[in-house]
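Next up: a single chain in structure tokens, the form predicted alone.
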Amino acid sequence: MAPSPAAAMPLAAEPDDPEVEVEVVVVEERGVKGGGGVAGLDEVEGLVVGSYCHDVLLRGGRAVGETLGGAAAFVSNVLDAASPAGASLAVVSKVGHDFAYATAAAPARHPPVLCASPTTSFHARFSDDAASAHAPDRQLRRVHACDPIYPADLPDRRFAYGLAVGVAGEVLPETLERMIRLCRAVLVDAQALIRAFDGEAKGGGAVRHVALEATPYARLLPRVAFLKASSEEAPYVGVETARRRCCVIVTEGRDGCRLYWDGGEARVAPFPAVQVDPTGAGDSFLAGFASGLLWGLSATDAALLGNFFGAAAVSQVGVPTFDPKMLQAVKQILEKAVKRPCTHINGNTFTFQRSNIHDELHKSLQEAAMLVCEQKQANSPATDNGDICSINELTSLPS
């Protein structure tokens, strides 16, 4: 079926041509075909800009875990695991000399930049009750903040795509603008734009949100391809306004997610999960979504992969280690679905509507998700301290 007329939306501009635009093609339900005049996967390199952090998890007034955190850690973990063969990744993240995971094995695979200030640190205080799918189940405080990431910190080369995934105000407006100029397509986590921090009082500065329209980032939105927000963040983003500038994705925890673009919207179903720690669910979603675009899926189909990895991330404390057999099964599912990767993300068009493989893809990924749940439940039986929740109890709160 022929695509409907294209609607032009600005994307990343070449340094010497600020008027370059992305063509957003909204098509009717159809199959996904590989190839088609896009660059080969050996030319696809992504750029992730955000923090590695020290995360301290508190429950009932006591520390129950200290882990590597930060959106850059969760995002690169999924992209390294789920991207097609041949795709590569650069990560720009700053840490202090106190960084506890500098010599650790994966998932801190991409070396950070060392600076004089301490590593960004968060304390996440969880309630004793089971997590809710829509309401915050934790109080998040920033205890330390590393130096921000400046435009000059970014590599001086072109990228197929970029992910701006700040958690502590480290992605400055001018840094995001530089990303837009370097990358063919930029995906942004709303938390990088709307988070504010109260004074660094005892116990750290509480995290709160501000309206996106009141920030310096608002003017850049028409040059962003995708903006991801949790259901808690969505009111501050202003979905109805933002969807006229870019595609907005709102994660809704155990209800899946919704995509909003100028002229349409879609709901994407969730996957089962055994929740241990909701930290990083949103980051893992965004990385899974980007991986889906790399495989050549439409935005709505790619959101299935986002939901899948968001659900998988909450089954472990901190940055998860994915079972190799599960990853192999997922890649086999994607190879069967798209025949061969065609990487829409490296082109100048995006399609939003679900394809005719959408339901089959969801069914296949759901079977893989159930295997993960069954394995997790077998290895970690539920306890009475609320550390493990039941299947499908997945929040949309990112780290």
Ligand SMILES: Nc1ncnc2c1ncn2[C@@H]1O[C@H](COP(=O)(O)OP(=O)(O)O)[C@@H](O)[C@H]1O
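Since we're looking at a predicted model, the values are computed, not measured. The first residue of the shown sequence is 1; numbering continues from there.
Omitted from view is the form predicted together with this ligand, to which the following refers.
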*If this ligand is transferred from its position in the predicted bound form by superposing the C-alpha atoms around the site, does the shown form leave the pocket open, or is it blocked, with blocked meaning at least 3 ligand atoms within 2.4 Å of a backbone or C-beta atom?*
blocked
*in the predicted bound form, do K228, E252 and V314 all put a heavy atom within 4.5 Å of this ligand?*
yes
*Name the stretch, out of 236-244, 147-155, 87-95, 253-261, where some heavy atom lies within 4.5 Å of this ligand in the predicted bound form.*
253-261
_Considering non-hydrogen atoms and a 4.5 Å limit, does this ligand approach F271 in the predicted bound form?_
yes
*asked:* I'd like to know if A290 sits close to this ligand in the predicted bound form, meaning any non-hydrogen atom pair within 4.5 angstroms.
replied: no
*May I ask you to check whether A281 falls inside a 4.5 Å heavy atom distance of this ligand in the predicted bound form?*
yes
*Close approach of S298 to this ligand in the predicted bound form, 4.5 Å, heavy atom*: no
